[in-house]
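Starting off, we have a lone chain in the form predicted alone, written out as C-alpha cells.
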C-alpha cells in the first residue's frame, strides 16, 4: 500500500492515542426511516481525524443499573460523523446509524442523559495527496458519515479544493440527512444541501429523487463531463463493498486516485480478534497479496491495492 503523502493528521490531530470512555448522550434524533444521529459528550477524548471510528456499547442502563442484555452484546463500530470540542475538555461526537439489529436497536433506545461506553478514536484516517484540485465524496447509505466529516475538515485545511458529494440510496425517503430536493441550482442534477455548503448529487435506485440508477454511474457520468485533470482528482468513498469495488474499477478507467473506507465487523477495534481481515496486493508475497486488518491498518485503503475478488 502507498504511504500517506499529506496526512490530515498533520493539521487535525494525532492518530496514535485512544482510550475507553464513559459517554453521555446529548441527543439521539431520527433523520429518516430507521436512521438516527446520536451525539455523545466525552471528556478527554484524544484528537480524531476523518475516517477514524469509535466502538460503542452499553455500560449503564436508563435506570442507572448495569445494563443486562438479553444476549451477549459486542460493541459496534461507527464512523465519526462530526466532532465539536468544547473549552472544558469535552468533545461532542456525532454518529450516523441505521437500526438493523440487536446492537443498533439498543443504540436507538438511548435518550439524553443516558450513558454508553466508547472506545476510540480507532483506526487511521483518510490521507490527502499534495496538489489535488477536486475531491469526489462517493457514498452509499450511512457510508456518507465519514465523508461529511472529511469534507468539513477539507474546507478548513484545503480551502482551494473543489468538493462534490455523491450519495446513493434505494429510495428518496432513505436519504440520511436533510436536503431540499426542490431547491434550484446551476446544475439541475446537483442539489444544494446543508452539508458544509457542498453540492451533492443524489442517486436513487427507484428514480424517486435525483439521478436514477447507481451512485457509481452518476459519479462516472459527472466525472467524464467535469474532470479535466484526473491527476489532480481523488475520490473518497464509504458504503457497501460491491459499490466500492465498482468505484475502484471506475476510477481505474478514469485514471483517478481513490481511497475506500471499508465496512467490516470490527469486534475489538484494535487488531486483537483478527475478525476484520482485508486482502491487499503485495508484489513481494508469492501469492501476490497479504492480509491486513481493517480496524488497525484502515478503515481507509488505497482502492487500487484492495483485492476485491
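Residue numbers count along the first chain shown, from 1. Quantities reported herein were computed from a predicted structural model and do not represent experimental measurements.
Although it is not shown, the form predicted in complex with a small molecule is what the next lines describe.
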The one option of 264, 257, 39, 281 with any heavy atom within 4.5 Å of the small molecule in the model of the complex is 264
If the cut-off is 4.5 angstroms on heavy atoms, which of these, 218, 169, 234, 96, is the one near the small molecule in the model of the complex? 96
Of the listed stretches (78-86, 147-155, 160-168, 202-210), which one has a non-hydrogen atom within 4.5 Å of the small molecule in the model of the complex? 78-86
Should the three residues 126, 176 and 301 be counted as contacting the small molecule in the model of the complex, with contact defined as a heavy atom within 4.5 Å for each? no
Give a yes or no for residue 214: in the model of the complex, does one of its heavy atoms lie within 4.5 Å of a heavy atom belonging to the small molecule? no
How about residue 226: is it within 4.5 Å of the small molecule in the model of the complex, going by heavy atoms? no
Flag residue 222 as yes or no: does it have a non-hydrogen atom within 4.5 angstroms of any non-hydrogen atom of the small molecule in the model of the complex? no
Can you tell me whether residue 104 touches the small molecule? I mean in the model of the complex, with a 4.5 angstroms heavy atom cut-off. yes
